[in-house]
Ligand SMILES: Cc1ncc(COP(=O)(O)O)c(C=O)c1O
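Presented below, as structure tokens, is a lone chain in the form predicted on its own.
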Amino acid sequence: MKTQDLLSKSAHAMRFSAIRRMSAVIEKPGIISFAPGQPSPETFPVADFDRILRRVVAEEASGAFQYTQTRGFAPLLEAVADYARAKGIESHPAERMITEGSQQGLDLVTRVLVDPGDVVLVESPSYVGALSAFRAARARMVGVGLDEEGLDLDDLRRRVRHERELGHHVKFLYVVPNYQNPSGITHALERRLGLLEAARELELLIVEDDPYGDVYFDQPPPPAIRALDKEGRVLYLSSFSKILAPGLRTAFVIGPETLLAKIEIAKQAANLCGSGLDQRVVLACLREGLIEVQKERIRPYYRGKCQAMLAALSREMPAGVTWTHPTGGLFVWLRLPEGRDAESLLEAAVAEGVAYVPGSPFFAADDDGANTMRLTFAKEDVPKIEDGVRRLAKVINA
């Protein structure tokens, strides 16, 4: 019996995460790594977690270690409503659900909305985890141009109309409007308003993923697209991972009631319910104001590292190399001159003691982004960031 013969068509379309596949190379001991797309453990409020966990275990063990509702722990859902309301996002109880990270939210949304061959529009570049979810559903992914101000709305209109002329079913547009992973780009307010107008014109659903919106350096980003939406065209996902810790797999979805009802059913099939323990810890962080304290801690922490990386890039990089200038989040997007291949340089970079993630996996089309790379400033301290940029510039120059 051949295992390949047993696999579904969806399984045949699945690909292992290009970033995780490279982890053995880019996370070697002694390497200065600009690769991992995760918060620094130095920001985790471990002492607070210890105190909260002890209290929850002592006072709420019967519920914390039991099954909970598929939608999530009811008091947390109410706290999430208040949390989102502070961002201008109103919701009814039937429009909210807790998920185990935004990645599960993306997977569930995709299961509910996408049939094989359906078109999902994505930014170019886009979050690789979302591309994996769409690919697993056998979606036809179509990239839309992205510049420093956000989505190219003319390109969006052209691509939607072109796909529909071909008879393809366009299901939704996926965007990360704040400090995007991988590019660090934030959509300007005018682009957000224009996107909503284009969505109305094209009868298009927007899936807005906002894991980084609170990780700004100085000024907050423009209002969430969902907060600006007056017609129910936006399904909003967010997470506490970048503020508290990724190990607390607690995120949420806010969207149209009819969609959330189906997403709830899909979640019952996926994992029945989330962790009552994790959800109680996050609830305590919200009630005690620890979330707001954490925001104030992490913003200057990441701002200093980002400034160090941008300054080092300006000093060290040769002419023809460009990069984004994020005002929040964890990432800088670097573009080599046309004709250069970031993936082919990786081996030499690792030999020089520095690592990054090549940009190609972040594009819907396999032949895009060869001359790009994602750098994160989250992991290393400032001296290593400066040294790592020097080493990377040496490889690029060579």
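This one's a predicted model, so the numbers in the text were calculated from it and none came from an experiment. In case it trips you up, residue 1 is the first one in the sequence shown, and so on.
What comes next is about the form predicted in complex with this ligand, which does not appear here.
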Note to self: Residue-level question: is V176 within 4.5 Å of this ligand in the predicted bound form, judged on heavy atoms?
What the structure shows: yes
Notebook entry, point to check: Quick one: does S132 come within 4.5 Å of this ligand in the predicted bound form, counting heavy atoms only?
Noted result: no
Notebook entry, point to check: Going by a heavy atom distance of 4.5 Å, is R249 a contact of this ligand in the predicted bound form?
Noted result: yes
Next item on the list: Decide whether Q294 counts as a contact residue for this ligand in the predicted bound form under a heavy atom distance cut-off of 4.5 Å.
Entry: no
Item checked: 4.5 Å heavy atom contact with this ligand in the predicted bound form for all of G37, Y127 and P211 -> yes
Next item on the list: Counting only non-hydrogen atoms, choose the one of 297-305, 313-321, 203-211, 263-271 that falls within 4.5 Å of this ligand in the predicted bound form.
Entry: 203-211
Check: this ligand isn't shown here, but in the predicted bound form which of Q279, S102, T186, T110 has a heavy atom within 4.5 Å of it?
Finding: S102
Note to self: Looking at S241, S91, T327, S275 here, can you tell me which has any non-hydrogen atom within 4.5 angstroms of this ligand in the predicted bound form?
What the structure shows: S241
